[in-house]
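Okay, here we've got a single chain as structure tokens, the form predicted on its own, with questions on binding and movement later.
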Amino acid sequence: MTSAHTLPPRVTDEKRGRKLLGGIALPVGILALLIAGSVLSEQFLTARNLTNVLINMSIVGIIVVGMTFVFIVRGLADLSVPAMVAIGALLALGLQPALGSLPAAMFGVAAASCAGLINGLLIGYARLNPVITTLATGTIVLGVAQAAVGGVIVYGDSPGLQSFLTGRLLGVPVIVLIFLAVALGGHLLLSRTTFGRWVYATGANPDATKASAVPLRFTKGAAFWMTATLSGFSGVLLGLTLQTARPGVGTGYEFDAITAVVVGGVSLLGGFGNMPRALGGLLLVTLLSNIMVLNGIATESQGLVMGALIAAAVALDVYLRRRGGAS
């Protein structure tokens, strides 16, 4: 594998240029939003509102951890996320009477994980298009989930577990602590392990990676398996926290995760990015959304702002890629 000291000029220039997005622009953008939010709304810097921001980040943030791996291996995106969230939430609540709260929650995660394994095999080993494959898998899984509950809302019966997840430990919401643990695990896996090096190699130069000892197919497939598993886990937490779930409970989570990762400077074209950048993008997007809600911005207008933010981030990513390639 190529070491950091022997990177070709193109890669070196590209990484230097990307500091604009992740090293400077992202922190400055977050600081600007904190200032703007405090000016535009008296409620913004209150402990209650900032705690709500962290809680809202947590459910999506767990998915962002997996989606970061998908982006870096050049997997484009995982569009099965809403279905995995839904099946995790529905099974965690729907199976409580038969299995009990914790076994039902584990079953929900396992179901999403099995669907993710199918994604991984089809994309990593059969080399099918990731977008089409995850869209198809998600449609099937969501159909199964809807059939399992009859297309109705499912209610849970575990007030003790709900109280624990919505409670605090050392003053910090438990759901936030769970997210931080997942994020730390994802960061260490990506930055400190052999698998993490495989992920970067797979996304940076797939053709060269084929000639090395890197298991290209396994690595790409594992990224999609991981994303589905974490999405299912996120759905379980969502269901247990709300004690209610419906087949469409995961709608929009894939868009939120993709937005966070792209805005964080993780390349859609693979091979570049890290967990802190992705989570920084998540924080920026969550703060922006919170400011718009506090100021009564219409939902349609919020969508336009987020869409424009994604377009700008992708355009910058492509520009930096071309600039690196032209050097």
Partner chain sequence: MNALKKICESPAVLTLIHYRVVVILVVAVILSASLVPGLTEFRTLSLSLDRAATLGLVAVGLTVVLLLGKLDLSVGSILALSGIAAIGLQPQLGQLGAAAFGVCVGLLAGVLNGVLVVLMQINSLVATLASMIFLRAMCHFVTESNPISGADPLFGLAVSRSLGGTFSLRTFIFLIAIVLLFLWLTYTVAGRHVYAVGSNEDAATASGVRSGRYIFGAFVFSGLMAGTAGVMQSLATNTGSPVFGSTVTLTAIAAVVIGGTRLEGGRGSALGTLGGVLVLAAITTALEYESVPSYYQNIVTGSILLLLILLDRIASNSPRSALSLSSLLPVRSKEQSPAR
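Positions refer to the first chain, counted from 1. A quick note: this is a predicted structure, and the numbers were derived from the prediction, not measured.
We do not show the form predicted in complex with its partner chain, though everything after this point is about it.
Colleague: Is there a heavy atom of Gln146 lying 4.5 Å or less from a heavy atom of its partner chain in the model of the complex?
Modeller: Residue-level check for Gln146: yes, a contact with its partner chain.
Colleague: Report whether the minimum heavy atom distance between Leu304 and its partner chain in the model of the complex is within 4.5 Å.
Modeller: Yes.
Colleague: Heavy atoms within 4.5 Å of its partner chain in the model of the complex: does Val60 have any?
Modeller: Answer no; every heavy atom of Val60 is more than 4.5 Å from its partner chain in the model of the complex.
Colleague: Would Leu283 show up as a contact with its partner chain in the model of the complex if we use heavy atoms at 4.5 Å?
Modeller: No - in the model of the complex, heavy atoms of Leu283 and its partner chain never come within 4.5 Å of each other.
Colleague: Which pick from Leu177, Ala110, Ala126, Ile153 sits with a heavy atom within 4.5 Å of its partner chain in the model of the complex?
Modeller: Spelling it out, the residue with a heavy atom inside the cut-off is Ala126.
Colleague: From the list Leu161, Leu122, Leu190, Val182, which entry has a heavy atom within 4.5 Å of its partner chain in the model of the complex?
Modeller: Contact residue from the list: Leu122.
Colleague: Which is the contacting stretch out of 34 to 42, 294 to 302, 61 to 69, 274 to 282, given heavy atoms within 4.5 Å of its partner chain in the model of the complex?
Modeller: Checking each option against the 4.5 Å cut-off leaves 294 to 302.
Colleague: Counting only non-hydrogen atoms and a 4.5 Å cut-off, give the residues of 110 to 144 close to its partner chain in the model of the complex.
Modeller: Leu122, Ala126, Arg127, Leu128, Asn129, Val131, Ile132, Thr133, Leu135, Ala136, Thr137, Thr139, Ile140, Gly143, Val144 sit within 4.5 Å of the partner.
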